[in-house]
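A single chain comes next, written as structure tokens; it is the form predicted on its own.
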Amino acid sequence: MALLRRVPWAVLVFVAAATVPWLGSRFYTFLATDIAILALFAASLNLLLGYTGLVSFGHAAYFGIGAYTCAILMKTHGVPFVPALLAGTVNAGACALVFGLFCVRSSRIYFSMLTLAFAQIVWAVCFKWNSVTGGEQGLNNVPYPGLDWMAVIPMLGDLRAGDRYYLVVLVLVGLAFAALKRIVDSPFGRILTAIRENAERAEFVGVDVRRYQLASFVVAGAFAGFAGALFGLFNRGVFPDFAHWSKSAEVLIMAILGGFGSFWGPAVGAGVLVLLNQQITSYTQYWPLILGSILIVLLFVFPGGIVGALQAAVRRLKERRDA
């Protein structure tokens, strides 16, 4: 068991994922890109849900803000990829700061409902502001970033544009996960965990709970905006649905499915949800019914999600071995 813990699983998964473009199928690259971006989106929510104990029903707002900001800058104003991506991230974080100032003043269900209310405002702006966002039709034909420079790198010259973009996404998502991991393992992350466990006790010992909750809200919003910007370019279009409440529900399901009690749980949940959706919808139209049944089983039998169930299985094996 100790040997398993020493294996750099994250590095191995990253290396395995980097081989996808050479498998020869556009479908595999498409699926892997989708999973990578949504995994980061789910991980950003986990900073609120799993580490700070805040349940947001409107996390898709920042996903949509990042996507629209990056797409508008690249398509309408011709801004290069990197500045547009950074602008999408910063704008999402700034909006999270403004909304968070109101949200963190409330707690429990009132906090959740406020996040939903602000998200619906963002969705309404995206849906109605035709001259900027494209309104109901969204922004189509958003350009891919210029990746011709990758042709000079050995083994990358013959790859398709989608394959090159996938590799860029993989690297950027990997860096974002490394940053998130550094945050949750820092003293800041430990204070967030203390707030999650008992906010009153944390405040009693001198922690400014509201300030830390706001900081967590802003950081989570910025990472969601980063994921949204990448998703808009991958989708070659940005639409109001990116900021809709149903998108917030989808990422919440990912976190619950994988297990928001662990760092990697929501990312696992994102991968499992995307794969299940692809497989099950090809056989039946009753995907929502099947998904609901899976969630009911997990909530009652494995409340810690997929990762929590795996960790429990490993603990049982260790106990049997030591017995």
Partner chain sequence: MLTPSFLLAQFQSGLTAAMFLFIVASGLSLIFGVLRVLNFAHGSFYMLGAYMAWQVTQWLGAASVSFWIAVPVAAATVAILGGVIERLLLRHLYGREELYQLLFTYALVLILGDAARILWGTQQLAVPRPPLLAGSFDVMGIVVPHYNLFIIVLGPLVALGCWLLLSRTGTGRMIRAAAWDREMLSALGADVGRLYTLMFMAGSFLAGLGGALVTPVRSITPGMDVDIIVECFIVVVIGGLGSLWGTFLGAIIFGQVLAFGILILPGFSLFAVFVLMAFVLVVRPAGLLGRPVKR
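Quantities reported herein were computed from a predicted structural model and do not represent experimental measurements. Numbering follows the first chain given and starts at 1. Superpose the two forms; the largest set of C-alphas matching within 1.5 Å is the rigid core.
Unshown form predicted together with the partner chain; subsequent notes refer to it.
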Note which of 142, 252, 87, 218 lies within 4.5 Å of the partner chain in the predicted bound form, where distance is taken over heavy atoms; exactly one does. 252
Among the candidate residues 165, 81, 239, 118, which is the single one with a non-hydrogen atom no more than 4.5 Å from the partner chain in the predicted bound form? 118
Stretch in contact, per heavy atom within 4.5 angstroms of the partner chain in the predicted bound form, of 131 to 139, 146 to 154, 240 to 248, 68 to 76: 240 to 248
Report whether the minimum heavy atom distance between residue 282 and the partner chain in the predicted bound form is within 4.5 Å. no
Distance check, residue 160 to the partner chain in the predicted bound form, heavy atom within 4.5 Å: no
Any chance residue 256 has a heavy atom within 4.5 Å of the partner chain in the predicted bound form? yes
Although the partner chain is absent from this view, report whether residue 272 comes within 4.5 Å of it in the predicted bound form, heavy atoms only. no
Would 11, 30 and 308 all count as contacting the partner chain in the predicted bound form, using a 4.5 Å heavy atom cut-off? no
Near the partner chain in the predicted bound form, with a heavy atom at 4.5 Å or closer, the residues from 48 to 84 are 49, 55, 57
Does residue 256 show a Cα shift reaching 2 Å between this form and the one not shown after rigid-core superposition? no
Rigid core fitted, is the C-alpha displacement of residue 15 between this form and the one not shown 2 Å or more? no
Quick check on residue 312: with the core superposed, does its CA move 2 angstroms or more between this form and the one not shown? no
